[in-house]
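Quick heads-up: it's one chain on its own, the form predicted alone, in structure tokens.
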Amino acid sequence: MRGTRVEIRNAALAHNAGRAKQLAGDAEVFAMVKANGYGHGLINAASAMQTEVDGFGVALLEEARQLREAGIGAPILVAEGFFDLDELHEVRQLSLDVVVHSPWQVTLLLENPGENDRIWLKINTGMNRLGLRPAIALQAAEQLAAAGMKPVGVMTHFACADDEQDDRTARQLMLAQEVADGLGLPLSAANSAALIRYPHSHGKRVRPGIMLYGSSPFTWRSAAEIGLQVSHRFSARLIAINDIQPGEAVGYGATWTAAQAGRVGVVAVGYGDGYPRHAPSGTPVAINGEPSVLVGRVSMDMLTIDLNGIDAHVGDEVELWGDAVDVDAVAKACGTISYELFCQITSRPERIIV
């Protein structure tokens, strides 16, 4: 009855996965479905995209287990690898590709060798998050191969492929390629930004994420320009309309004051639903397809919007992002990225799978 809902469009997910496959050429496409499929539902997102991709990427073993239990038989890559011996055993039981990024993981493998492990050695090429330094990776590969566990590939992760003035990706790619060539192994490095922007980085396997969910990895190029479709639409209902006089303030902290007489609409959504509390006045919304903006501070259960010049009535739909409102524009206004907006929606809004 409240009318706050998230619409997930599976046809758009399939379309975007197909677009990634088109851009990838001969490279395998492993769709990243971690973090509950970027807020689209882990199983739902994988099921919607499985005919368009070659496999899936997750962050954690638990996510891979859920996919296997749902009957997803495609190859699955666990990006953070195993955390202990029990998880290593389960990686083997579930026939998963596993990332090895730290010396302690190498040691655990050497102490507990397997016969059919599919190991991707992750190389730290300058992001300084997860990964082995190139010299250590070469040594680890030799040790693993001697124990009957030759890695199947080399991985890295780009830090700045989505930056307009990117001056790091070329060096990262060079370092990773040197290790891959030295070991005679294929390379996986490209995320959404590199898949779109740097065809020479595709290697054996690409790992797109945000583009699959209808959002651009770039601030200077829209999702529509890349050929992506909206897969996530967040909306709520107008539950009250208030007249306001010049000089009157709206919301907690009185952070916004009316410059002229007008109308303010109260919308049934807030940070308790996952809408960002730090969204400032001026953040775009749309009511019945007409553009409007937030005024005042976002509350737990409500937010307020400018209705001046808009024919609006209680019960009308307000789109927070989706078709009329670009999620990337909302993210920019909030000083964040669409990844966070998708992932932080709580369990309160009704979810509709189209």
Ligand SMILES: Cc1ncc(COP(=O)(O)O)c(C=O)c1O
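Numbers follow the displayed sequence, beginning with 1. Computed from a predicted structure; not experimentally measured.
Below, we refer to the form predicted together with the ligand, which is not included among the displayed structures.
Novice: Sort through 302-310, 44-52, 61-69, 29-37 and report the only stretch with a non-hydrogen atom within 4.5 Å of the ligand in the predicted complex.
Specialist: Contact-bearing stretch, as computed: 29-37.
Novice: Using heavy atoms and a 4.5 Å cut-off, decide whether Ala279, Val295 and Thr336 all contact the ligand in the predicted complex.
Specialist: Verified in the predicted complex; spot residues all out of contact, no.
Novice: Mark Ala79 yes when one of its heavy atoms lies within 4.5 Å of a heavy atom of the ligand in the predicted complex, and no otherwise.
Specialist: Within the cut-off, so yes.
Novice: Using 4.5 Å between non-hydrogen atoms, is Pro208 touching the ligand in the predicted complex?
Specialist: Because a heavy atom of Pro208 falls inside 4.5 Å of the ligand in the predicted complex, the answer is yes.
Novice: How about Asn124: is it within 4.5 Å of the ligand in the predicted complex, going by heavy atoms?
Specialist: It does not: once the ligand is placed as it appears in the predicted complex, Asn124 has no heavy atom within 4.5 Å of it.
Novice: Residue-level contact is defined here as any heavy atom of the residue lying within 4.5 Å of the ligand in the predicted complex; does Ser201 satisfy this criterion?
Specialist: Ser201: no contact with the ligand in the predicted complex.
Novice: Only one of Ser235, Thr169, Ser192, Thr283 comes within 4.5 Å of the ligand in the predicted complex by heavy atoms, so just point that one out.
Specialist: It is Ser192.
Novice: Within 4.5 Å of the ligand in the predicted complex, which residues of 143-179 have a heavy atom? Give them in sequence order, or say none.
Specialist: Going through 143-179 in order - heavy atoms within 4.5 Å of the ligand in the predicted complex - the hits are Met155, His157.
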